[in-house]
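Okay, here we've got a single chain as structure tokens, the form predicted alone, with questions on binding and movement later.
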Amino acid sequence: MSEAKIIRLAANENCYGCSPFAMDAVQKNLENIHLYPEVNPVVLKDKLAESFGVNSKNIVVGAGSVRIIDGLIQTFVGAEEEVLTFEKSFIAYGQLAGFHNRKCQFAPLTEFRCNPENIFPLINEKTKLIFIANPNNPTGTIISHAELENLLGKISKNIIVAIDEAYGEYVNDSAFPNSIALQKKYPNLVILHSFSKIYGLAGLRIGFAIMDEEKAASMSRGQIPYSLSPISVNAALAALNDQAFILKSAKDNAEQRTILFNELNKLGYNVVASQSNFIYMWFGTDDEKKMVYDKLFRNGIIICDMKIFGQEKALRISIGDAKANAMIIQCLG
């Protein structure tokens, strides 16, 4: 299979690339790669604070949102305390808890959704940190503002709820939480974001979180110095200045997501309605799943076999452009 012919739809990357502003910023900063980066990227924090209507002291920036997830566990979960998340969700939550020898409990999904009601039976005096991917990866479903507020209103203020909105910019459901408003009311809420998805900077490894000032200060004290390159920081700044690219990416993704979902549904596949830039497919047997995966692979289309995340009988297809999605439908039809 020729590398040029491969269509990569396995990692939920932005198929439209990144903002030309960000690409220009990368080129301009190449001549400075012999210099150390800032220990504290103040300008980026200020820009993020302005963009999200918070104080810069509420911002934590890290080498991808995964590094921030790791930092939350390291900083706030004690040796005898526990992490709580959902089955069939982002694998890093449980993996990183395990790396730090912290117990992680998993609540079941309800119809492919991270239903917060399923969390309550697992909460105990050791529960310290709850991760909720919203939209959920890999199913693409969301929890609503009312559901998140209900959870925050019922649990102890000593339990941190990390709502992971890595794919939040792709959502067009009006029920999606206004997490910034909730964070101002509930200081135990932490909001995770990534420049890897709609911003198209996955290769530069940069993400950020919004949290109350005290938690942000604790997180910052534990961060590794010089972990963000000037190229990453300046590309992120430039990407934030190109909201037209973000809006266009979200619009095109929504259109292609609807087309791909409807066509796969017509062909009789089990697909979950998504609010993200991927679609989850589930099968009655692993052999059925393998047939679909192999057929696409033979035609140069690489999707994600969820077996690598411990999930049998399921695939995840990142939303491509119109040409890529037409090829998927042609192959599977």
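All figures in this text were calculated on a predicted structure; none of them were measured in a lab. So that there is no doubt, residue numbering starts at 1 and follows the sequence shown.
There is also a form predicted in complex with a small molecule; it is not shown, and the following applies to it.
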property	result
Full three-residue contact with the small molecule in the predicted complex, heavy atom 4.5 Å, for Phe112, Arg257 and Gln275	no
In the predicted complex, the one of Ser232, Thr85, Thr139, Ser194 near the small molecule [non-hydrogen atom within 4.5 angstroms]	Ser194
Heavy atom within 4.5 Å of the small molecule in the predicted complex - the one residue of Leu44, Val271, Cys304, Val66 that qualifies	Val66
Arg102: touches the small molecule in the predicted complex, heavy atom cutoff 4.5 angstroms	no
The small molecule contact in the predicted complex: Ala166, any heavy atom under 4.5 Å	yes
Partner proximity in the predicted complex: Phe90 to the small molecule, non-hydrogen atom cutoff 4.5 Å	yes
is_contact(Met211, the small molecule) in the predicted complex, heavy atom dist at most 4.5 Å	no
Location of the small molecule contact in the predicted complex, chosen stretch of 176 to 184, 104 to 112, 220 to 228, 158 to 166 [non-hydrogen atom, 4.5 Å]	158 to 166
